[in-house]
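Before any questions on how it binds or moves, here is one chain, the form predicted on its own, in structure tokens.
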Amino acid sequence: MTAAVFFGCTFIAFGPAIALFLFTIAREPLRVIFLIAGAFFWLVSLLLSSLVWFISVQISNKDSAVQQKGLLIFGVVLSVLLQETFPMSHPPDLSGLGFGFMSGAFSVVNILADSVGPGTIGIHGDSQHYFLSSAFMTMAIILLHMFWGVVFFDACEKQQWWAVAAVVISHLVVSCLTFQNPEYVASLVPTYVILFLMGIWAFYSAGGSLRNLKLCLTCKDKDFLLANHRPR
């Protein structure tokens, strides 16, 4: 059962992102480089925010639970703000997916390691949906990073600063929603609502339309077919 949980949660968390990588990025070496660069910049933002948080904890009152929770929230907010300073450095969809891959790996890798046992989740009255909820949250975060990157880049290019603010605020909201755990419904449902809305926004920001979507789904998009044609 532990193997089923491990592989099931892994495919839920990373399946869509891996599919995007294989079908849209893996065949182009330059895109792979941009993807790795995006992951690297996410690590830099994590390093900087972690350093500031660590110093803040050391000089604070460690016996105050309220103060420590406030510093944790401060660290999350700082990390989000730092992450939003990097997307303009390279193509938005690739940087966003790179951000998402690395963010997802850091978020769920330890959870997946625990899922193989030993032990039984929920044996002390905790939620038995811990692994599954974590996997779905990770999948949402990975996709959201890609959508945020597309919308952020388009907004900066068009100087629509309200849209930039909307991206940053939605990122902050999703990050802070994780503090609702283990009330997983309170965190997952709003996160997926934001994911759905940001996905639509990113689709239209990238030049999508209902006509293009219909042509793609019915395999009648000539540009798409030509771009993916491979000589025999």
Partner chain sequence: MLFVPVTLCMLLVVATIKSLHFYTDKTDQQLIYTPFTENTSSVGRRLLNSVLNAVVMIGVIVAMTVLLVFLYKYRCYKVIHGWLILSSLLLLFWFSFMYLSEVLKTYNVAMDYPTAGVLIWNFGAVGMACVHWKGPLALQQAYLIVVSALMALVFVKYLPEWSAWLILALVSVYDLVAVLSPKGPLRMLVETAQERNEPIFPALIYSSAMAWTTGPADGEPGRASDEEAEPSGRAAAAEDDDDEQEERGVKLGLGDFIFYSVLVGKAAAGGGDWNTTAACFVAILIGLCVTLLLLAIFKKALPALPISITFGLICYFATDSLARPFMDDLAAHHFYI
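Predicted model, so just to flag it, every value in this text is computed and none were measured. Numbering follows the first chain given and starts at 1.
What comes next is about the form predicted in complex with its partner chain, which does not appear here.
4.5 Å heavy atom contact, Met102 and its partner chain in the model of the complex: Result yes; Met102 sits at the interface with its partner chain in the model of the complex.
Are any of the heavy atoms in Ala165 no more than 4.5 Å from a heavy atom of its partner chain in the model of the complex? So Ala165 does not count as contacting its partner chain.
In the model of the complex, Met137 touching its partner chain (heavy atom, 4.5 Å): Judged by the heavy-atom cut-off of 4.5 Å, Met137 is in contact with its partner chain in the model of the complex.
Wondering, does Pro29 line up within 4.5 Å of its partner chain in the model of the complex on heavy atoms? Yes.
Kindly confirm or deny that Leu43, Ile73 and Phe179 each have some heavy atom within 4.5 angstroms of its partner chain in the model of the complex. Looking in the model of the complex, the three residues Leu43, Ile73 and Phe179 all sit within 4.5 Å of its partner chain (heavy atoms).
Taking its partner chain in the model of the complex as the reference, which of Leu195, Ala186, Ala39, Ala206 has a non-hydrogen atom within 4.5 Å? Looking at the other structure, the residue within range turns out to be Ala39.
Between 40 to 68 and its partner chain in the model of the complex, list the residues on our side with a heavy atom within 4.5 Å. Contacts from 40 to 68: Phe40, Trp42, Leu43, Leu46, Leu47, Ser49, Ser50, Leu51, Trp53, Phe54.
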